[in-house]
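Shown next are two forms of a single protein chain, provided one at a time as structure tokens under the names structure 1 and structure 2.
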Structure 1
Amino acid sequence: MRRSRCVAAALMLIVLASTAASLSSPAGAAARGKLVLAWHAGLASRWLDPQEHDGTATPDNFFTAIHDGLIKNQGTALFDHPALAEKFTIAPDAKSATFTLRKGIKFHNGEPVTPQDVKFSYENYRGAKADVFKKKTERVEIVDDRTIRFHFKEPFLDFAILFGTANVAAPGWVVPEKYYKQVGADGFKQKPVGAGPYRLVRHEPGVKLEMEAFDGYYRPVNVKQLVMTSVPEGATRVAMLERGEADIIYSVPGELVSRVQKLPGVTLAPVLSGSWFLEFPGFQDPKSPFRDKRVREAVSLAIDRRAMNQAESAGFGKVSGNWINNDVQYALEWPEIERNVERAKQLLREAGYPNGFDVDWVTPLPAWYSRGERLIGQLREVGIRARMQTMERGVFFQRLQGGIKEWPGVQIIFHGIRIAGSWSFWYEAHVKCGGFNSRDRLCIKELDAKFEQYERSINPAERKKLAEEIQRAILENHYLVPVFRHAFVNAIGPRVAAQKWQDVFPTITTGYAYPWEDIKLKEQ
């Protein structure tokens, strides 16, 4: 009984019943002007389909414009912001969750958003964490014309935080069943219909999205036209800002930060964002030099993290010892790792590599290739010789999901991720064998066994203990090597109404500028 009361008390912290204020005026009625975002990589069409969420923060930028979820992370709300649902409750035993839809909500094609659309979106979801939801869910019940209930096979303590964290998974992001079936998955990615603040009016695959404020949205939308255009070159993005061709640009390269700071009317937005870390795919292969823990530690000691932060983020980032951001549930604090070139060389000698060795490829997350080049230069100082491999961001994520076969030979992946919610989402995404993005690249059986125990547990104290044990094992064995938590340095042009950069970048789960509907332009 005492344990049941403890569990119930813990669950009360996530029993949420929030009602949003109704809005009487049409959402797009007062919208005016045009806002242009210069996106820092190529545009993958699958980022427009919540059904194919790739388990990263990237789709958030697009979902939050075109689509909407029942609940979502928005601004400083981590996962429990009522969106298409005006309220929701989690049962005290965590075995069901009930959502009530807002009255009168519609998709961009005029069709109403119904519980059947919610049911279809959930049951047919095939993106990141789909296996978790399918394994835990017993059935989805349509209670009435505005109410839907999810029944679970066992207590699902992480349901709300997982369901509502849009940069982790998207089974709660609703697509129109009739239209989706009509055009098919491929057709939907080209001409998506959502229920978000903006409807798509023109799509140049890989290049540009042109959107217009949706009059049927339940919140006011301030800017009439929203354009997102792919501009992979940092200098070009900065030039667009200078010429007034872009109002917001993402990812100002470190060497251009001072130039942007001098531009009249421009506000720099150094958003402390994702952690960057190294992975050694296939490190358990006897032929891989990374099989030896001493070699992995030598790589860690070769990195000049402070120099990386200064060069890549103009010093706005944070050097930390964990590869998991310290602002998520059960994240373990870990001391900063100091550079020690001589110790790194000594470890390589002890491991049988007195003259170092060759790495086939270092592959950084696109399009941050300069930090890949810096890493290669630092590794060269201890005798590790490597070449850099570049690819489109969409291709990079596809390769991750393809598993170890996509990363043959001796390789280092230089990841950068921002996942909100819980440490467990990071583990499942980048360590767990069979995970959506991790696949079979690491597969540390003893840690997976502990992780299974963590997922089964309904005792918060036990969960915290297991979470810290797993993170400690990863860090002490250098299975993943933390580099730094970067600042996603962006810039806001003079036409955007903002007293401080946080007015445009309030979202604490990613470095992106949503909620898009809240951004305003200055009076002309």
Structure 2
Amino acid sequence: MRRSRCVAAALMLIVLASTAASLSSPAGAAARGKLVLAWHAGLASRWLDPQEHDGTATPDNFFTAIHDGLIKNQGTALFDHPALAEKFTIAPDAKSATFTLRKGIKFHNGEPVTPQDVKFSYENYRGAKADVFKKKTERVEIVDDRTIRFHFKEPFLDFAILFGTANVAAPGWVVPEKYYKQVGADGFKQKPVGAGPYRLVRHEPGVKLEMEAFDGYYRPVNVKQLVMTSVPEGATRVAMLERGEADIIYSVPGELVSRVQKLPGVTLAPVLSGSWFLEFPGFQDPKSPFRDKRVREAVSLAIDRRAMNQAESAGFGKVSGNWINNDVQYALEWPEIERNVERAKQLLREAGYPNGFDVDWVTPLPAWYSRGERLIGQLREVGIRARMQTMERGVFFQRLQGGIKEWPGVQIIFHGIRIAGSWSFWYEAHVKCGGFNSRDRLCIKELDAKFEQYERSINPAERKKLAEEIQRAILENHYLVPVFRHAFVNAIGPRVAAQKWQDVFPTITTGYAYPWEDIKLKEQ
């Protein structure tokens, strides 16, 4: 009698203990195994600090593992997936935004994530778009121990997008105030502490990041050890995959795609990436052949988009009708443009170019020269003759920012870009007069006026309408000619559990494999 009661008591204790254990550490109990990611470029330490986000679509691969944001882009959610915040509301007048933090969330050093840390992260943010936030924010109010409210000077409709898209800006990614001040901005980049699913265990600058599952994370983390290593040479990454030294590799070189496809247990993950489109700098000049809409349309009809996709992305890219990616707010869907060489030639005849004409230069984004060559070949078939201009990457950007004077004569620029968040960022950068890349090369007055209207508007419905009108105008007038969306071809090794590649790359706003905590290894 006594013994069976002891046994029962012992059993109860065991059940209670394991329940308590599994409740308190949803991550720690299940995390097992090691996953190695071979990254295709250099590894800058400053990417580990969301406070100095440089606005490119690179740092998010790294800080999403170590840090977390109030809301973020995950899966099919463009920006509003609730993460550290379990809910949030935007005021109807768009002059404030309120976030409620989850219960019990912690930083890697055990400190709780508080609204004070959120306020610090927001106010101390010095990264891309920081001036926008600073200009528009009136104050940050800590409502209670889990609620924080941002007050704006005027309606700030883009707040949520800017706040929640990890490859645009990161003032909503929370860093521990005390620790950050203690080690300083530079020290933080060597030894970052965040609230993300993984904590950094070992950091070899430029070489490797070794991370371990954080058992205080509010979601279960599957893989215990996550290693990201920098391997700039494509063939070496493929060799690592073959040898089992890497489980996920980014950017499989085109000539090795077929080899990787044949490897047993390996899945290709051709993630849709940058959009490629043509710009006609200074087309409004009366001397430019591109001032005539028919000529621009002819160029658009001359392009064999499918062939381009096949040749440049092994067919994994996407041929869409809009130059703006469909993973941003208010992006317009537009039907694919079919190639029509005859119609293109006819349009050129009507416009007064029966024998075509010469283009001084076609300049693709360096160093994607093969697609530039293909474009030139395709244009030649309708009588438009051009040469390709090559230059170093840095020079290209400098020339872009130099404006029309850097692009004399008759030229075509073949852009390749990926911008996340909102369609308006695309417009601002590539069409607007004075825009970062467009400068003074386009300056389409009516559209700029409408865009100003869009920016001033505080009515989402009105905004959507204006957005679509502007995009339609651009596409119908062929101010910019979309070519295709190329694929960032990655590969998943046999140890990773994946029915299809989208299981490992579920987030459509990025080419990277986050959320990291969801990746599973087969033995689990």
Partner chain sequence: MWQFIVRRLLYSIVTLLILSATIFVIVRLTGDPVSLLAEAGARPEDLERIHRQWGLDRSWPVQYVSFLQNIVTGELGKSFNYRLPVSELYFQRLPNSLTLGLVATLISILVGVPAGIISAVKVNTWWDTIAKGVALLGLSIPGFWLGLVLILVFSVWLRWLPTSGAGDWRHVVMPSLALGWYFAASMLRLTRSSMLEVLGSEYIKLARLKGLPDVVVIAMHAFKNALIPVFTLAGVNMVVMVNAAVIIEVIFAWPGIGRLLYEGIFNRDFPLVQGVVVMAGFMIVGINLIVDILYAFIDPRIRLTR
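None of the values given here were measured: they were computed from a predicted structure. For residue numbers, the reference is structure 1: its sequence is counted from 1. By rigid core we mean the largest C-alpha set that fits within 1.5 Å across both forms.
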Original post:
Structure 1 or 2: which one is the form predicted alone?
Top reply: 1
Original post:
Superposing on the rigid core, is the CA of residue 45 displaced by 2 Å or more between structure 1 and structure 2?
Top reply: no
Original post:
Once the two forms are fit on the core, has residue 403 moved its CA by at least 2 Å between structure 1 and structure 2?
Top reply: yes
**OP:** Calculate, from C-alpha superpositions, the turn of the smaller rigid part against the larger part between structure 1 and structure 2, rounded to whole degrees.
**Re:** 33
Subject >> residue 313: CA movement between structure 1 and structure 2 [superposed on rigid core, Å] >> reply: 2.3
